[in-house]
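Read the single chain below, which is given as structure tokens and is the form predicted on its own.
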């Protein structure tokens, strides 16, 4: 099994299935395609016609969307319990993953993932705050309703934690302050950031050398196709 990913410093889409595989203890080969090179399109085309990362390759099966990858892994490894066992909780987990997958455009565009940067206050506006408040409400609600069995959103680790992991990283980079009343959300963000698998990703991101200037994602995002990958 291979997972094709982009730069760990910037590719939030890649972090999701990578963390899911690592946290679940599923063995895989990591293949990295550098985002900001002239041959990115040719390199990624070797693995997927969609032209984006991540891509999961399992024998003759190729899956090229992070949510589809999560569903495939859950079916491929049912013993890993990647979705909550309870049907109602499982439906909620799928709903919040889908919301994360397709929503929060203001946060994505204004606060692109940049794991190793420290950019407090950059990119913030009222629209971003609405996304932040919604995410905090999701985390608070899930922890209150489903988190009794452990420190993750549904107690035990699930796909939902992998899908919100890039947001945890963004909040750290930009010094995002969660609402005062969101105590569960704050504790969850701190816990996820300290998770050994998250720290493994962060350490590897620091070792990369394909750094953009700290302000470059903002300047490039509206115009350049490769920056779209950065911003998700």
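Computed from a predicted structure; not experimentally measured. Numbering follows the first chain given and starts at 1.
Although not depicted, the form predicted in complex with a small molecule is the subject of the following passage.
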Next on the checklist: Give me the residue from 101, 76, 90, 130 that has a heavy atom within 4.5 Å of the small molecule in the predicted complex.
Outcome noted: 101
Item to check | Heavy atom within 4.5 Å of the small molecule in the predicted complex - residue from 65, 200, 30, 58 | outcome: 65
Checklist entry - At the 4.5 Å heavy atom threshold, is residue 9 in contact with the small molecule in the predicted complex? => result no
Next on the checklist: Residue-level contact is defined here as any heavy atom of the residue lying within 4.5 Å of the small molecule in the predicted complex; does residue 70 satisfy this criterion?
Outcome noted: no
Next on the checklist: How about residue 40 - does it come within 4.5 Å of the small molecule in the predicted complex, if we only consider non-hydrogen atoms?
Outcome noted: yes
Checklist entry - Is residue 51 close enough to the small molecule in the predicted complex to count, meaning some heavy atom within 4.5 Å? => result yes
Item to check | Among 173 to 181, 32 to 40, 187 to 195, 201 to 209, the region lying within 4.5 Å of the small molecule in the predicted complex by heavy atom distance | outcome: 32 to 40
